[in-house]
Every structure is written in structure tokens, then in C-alpha cells.
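Take a look at this single chain in C-alpha cells; it is the form predicted alone.
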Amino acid sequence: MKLHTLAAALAFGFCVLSALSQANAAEDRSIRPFKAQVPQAALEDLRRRIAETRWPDRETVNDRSQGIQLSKIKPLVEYWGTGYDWRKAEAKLNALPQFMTTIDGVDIHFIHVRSRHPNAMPLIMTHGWPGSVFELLKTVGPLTDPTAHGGRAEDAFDLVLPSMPGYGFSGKPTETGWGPDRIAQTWAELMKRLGYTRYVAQGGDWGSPVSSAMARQAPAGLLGIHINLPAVVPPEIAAVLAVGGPAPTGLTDKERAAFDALSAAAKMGNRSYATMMGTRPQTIGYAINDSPTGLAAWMLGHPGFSRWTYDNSDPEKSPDEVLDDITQYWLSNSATSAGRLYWEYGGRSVVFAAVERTLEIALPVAITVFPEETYLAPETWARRAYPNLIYFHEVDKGGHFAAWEQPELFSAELRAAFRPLRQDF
């Protein structure tokens, strides 16, 4: 392939649409079939760039306090450049019904799987950063076909998994204003276009503020939400955390544990990635858009990955699982556009109740707390933050990427959480 042809392929994000019709204008409301088909030249370019990585010297500490460790990332990147097969990841996506539609001037990529069971409840789930729709794929079977996974037919869901604007194969916004509120409005329009008049929403990481924004806006048909990174930290606790102060007196054991976890994370700089993308996403973008190794290191620095082994002995946390996600960011050229969501949000923490205006949410809210999450939300704070909390459950395994790590347990939680709302469906 000639250099100018390759450059053109790279500039357009390497994605070739297979569609029955193309969007001609922002107001085009058509829903077009989609398949991921990355040019081979893009994959060869990726491997070339990986092979040319200029590695830094080893960190001077024996932990993650300076960032992801060289001994952990180097074998993963070397496998990425030699043994990893993107075509298998592509096949995972293309095995599911995928579509594209244009909403508010931005192309929205989404997976839409209808259950074979009658009266399935429509559910829209939102991924986060550094995740993507890949983190949700293992829930498709358990949620849409519960009888094959130990559930009941009456607990089935129709599943809608969109890629957020600026992420994956969705379009990249060319103007400001695309924060959680606007994404929430877009999701409501998407569900309307799909013909759903009653539905529920779910999210962790960025999916939590997006789902919460949907609940605040209360579009017609939304029955309630489930979140697994709830914004329960009270204002007076947030104020102390902001200045690095000591724990207030009178906290329960679980409240004190949550405070200590958040305080320690702040002092260790665990949200440094959010600070950078919340203030200068374009600056870091020049680096992570140009270097695959830099992109992998940036993404794997997220604390949600801190316990992952990237070891083939653990199928939930294998190298391929991680690289499917990172490679999609690379091939879609979306590292910078995805990071701008932090800038739109002002770099704030999504776990503070006042920031998320939780008291304005009147719709039913369900929460599951996974034990390896970045902090464990206390039920006392949750009930104070969400006036209409209908479900709160602490489970015994799973972390920040709960749907990815424990898809069966995660799916069982959603069945239980939304069961009370089916009487309104």
C-alpha cells in the first residue's frame, strides 16, 4: 500500500462500514447495519510501531507508585506485537448485531441484541474509560438468555450497548458540550428510535454518571437505573477529602473504611490520569495517539486494572481480554477524543453525591457494591444520597470492571435489581 493511502486509512480511524445506507445529514434518523472491518495495513502499522518501541529504564520503586511497572507491561506489549490476533476480537463484535445511527450530529455505534424470550425488559448499558463495549460482551448471553445461565425466562433483557461519543467506532464530537448529560439525552433518543417505550439503564465508571443523568432527566419510558460506581460520598466528607484532612469523628466502620480508601487513593495519585485528561486531554493525546506502547501504559495505569494479571491462567483477565480493549482504542484513533469526556466533566470525582446531584434523582436506583472496587460505598451513605434506593447489595467478588470480571454474577445482580420494576413494564 502506498504511504499516502495508508495515511488516509489511519486518518479515518481504520473502520470500514458495512451499511445498507449512509447518513447524509445530522438529521438522518436511519439505523444502519455495521461491521468492524479493519484494513490489514492498519494492523501491520500497529505491529511495526510496537516493534520500534523505545523502552524507558526500570522504575526505581517496587510497586505501582511511579506507574505501571516495566516488568508487567513489557511482556504484554511484546505479545501484542507478535502473537495477538485482532481478527478474533473483530469476530466477537461481528458475531453480534451492530448498528450505527446519527444523533445530534454524531454517529453512534451500538450493539443491539433482542432476547428470544417474550416480554424481555429493554436495558441500555454504558461502558467507561478505559473500557469499551468489549467490557460488556460477556453479559450478552446471561442477560438476553437467562435460562441458559441459571436464570428465569421472565428475567430476560433486550440489550443495547452503545459506544459513547468519541469512543470506539462511534463518531468524534467536533464541539464542546458532550458530557454525561448530553450523552444521557442521546441514549434516551436512541431507545426511542429503537421503539422502546419502557426500559432501564445501567452503568459503572462513566456509565454511572451517564445513567444517573438519565435518571435526573427522567425521559419518558425510563423506569429506573442500576449503578456499580455510585456517587454516595456526602458533601462534608468530600470537603475533608479535598484538603487531605483526617477522618471526621462519628463514622461507622464501613464509612471509615470508605473514607480511608478514598483518602489513600488521593494521596497516592491514583486519579492522576483523570487530572491530566480533565485539564489537558489534547496534550496527552499527542503521545498516546502516536505510540501504542504509550497508549497501553496510559490505560493500564487505571487503578481498576491494578489487580489484573494478564495471565492466560485466568481467562477473565487474559492478555487477549486486555488487548481487545486497548487495540480498539488504537485502531479507532479514539484515545484523545475519549479523554475529552474528563475535560467536559471538569476532572471532578464521579463518586461525590453533590457533584452528581443525586438528591435530584426521583426514579428508582439500584446499587451493587463489588469488593475490589476503588472504594466500597457504605449503605448508610447510599440511602442518604439516593432518595429512592430500591436495591443495595454487597457481593463477594468482582472489581471496577465488574461486568468484564464477573459476568454471571453481574448479570444475576441486574436480574435481582430490576425485578421489582418489571411490574411496571
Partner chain sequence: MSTASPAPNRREFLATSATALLATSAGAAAFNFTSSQTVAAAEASSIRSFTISFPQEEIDELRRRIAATRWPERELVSEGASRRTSATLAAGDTQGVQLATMQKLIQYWGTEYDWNKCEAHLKSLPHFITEIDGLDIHFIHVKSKHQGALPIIITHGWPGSVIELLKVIDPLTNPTAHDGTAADAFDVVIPSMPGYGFSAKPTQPGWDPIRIAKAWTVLMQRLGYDRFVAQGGDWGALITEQMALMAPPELIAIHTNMPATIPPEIVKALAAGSPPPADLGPDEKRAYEQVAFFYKFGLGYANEMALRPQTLYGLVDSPAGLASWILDHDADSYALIARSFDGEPEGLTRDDILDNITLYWLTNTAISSAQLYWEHRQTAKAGFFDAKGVTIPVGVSANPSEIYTAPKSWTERAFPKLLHYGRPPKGCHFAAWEQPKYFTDELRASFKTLQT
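Positions refer to the first chain, counted from 1. These numbers come from a predicted model, not from an experiment.
The next section is about a form of this same protein that is not shown, the form predicted together with its partner chain.
Note on contacts: among Ser30, Ser65, Thr380, Gln37, the single residue with a heavy atom within 4.5 Å of its partner chain in the predicted bound form is Ser65. In summary, among the residues Lys267, Lys88, Arg307, Arg152, the only one with a non-hydrogen atom within 4.5 Å of its partner chain in the predicted bound form is Lys267.
Residues within 4.5 angstroms of its partner chain in the predicted bound form, judged by any non-hydrogen atom, belong to 54 to 62 and to none of the other stretches in 395 to 403, 54 to 62, 372 to 380, 358 to 366. Three-residue candidate spot Glu175, Pro281 and Asp290; every residue lies within 4.5 angstroms of its partner chain in the predicted bound form by at least one non-hydrogen atom. In the predicted bound form, at least one heavy atom of Ser337 sits within 4.5 Å of its partner chain. In the predicted bound form, its partner chain stays beyond 4.5 Å of every heavy atom belonging to Pro219.
Although the partner is absent from this view, Ala41 stays clear of its partner chain in the predicted bound form, with no non-hydrogen atom inside 4.5 angstroms.
Proximity of Thr249 to its partner chain in the predicted bound form: non-hydrogen atoms within 4.5 Å are absent; the residue sits far from the partner.
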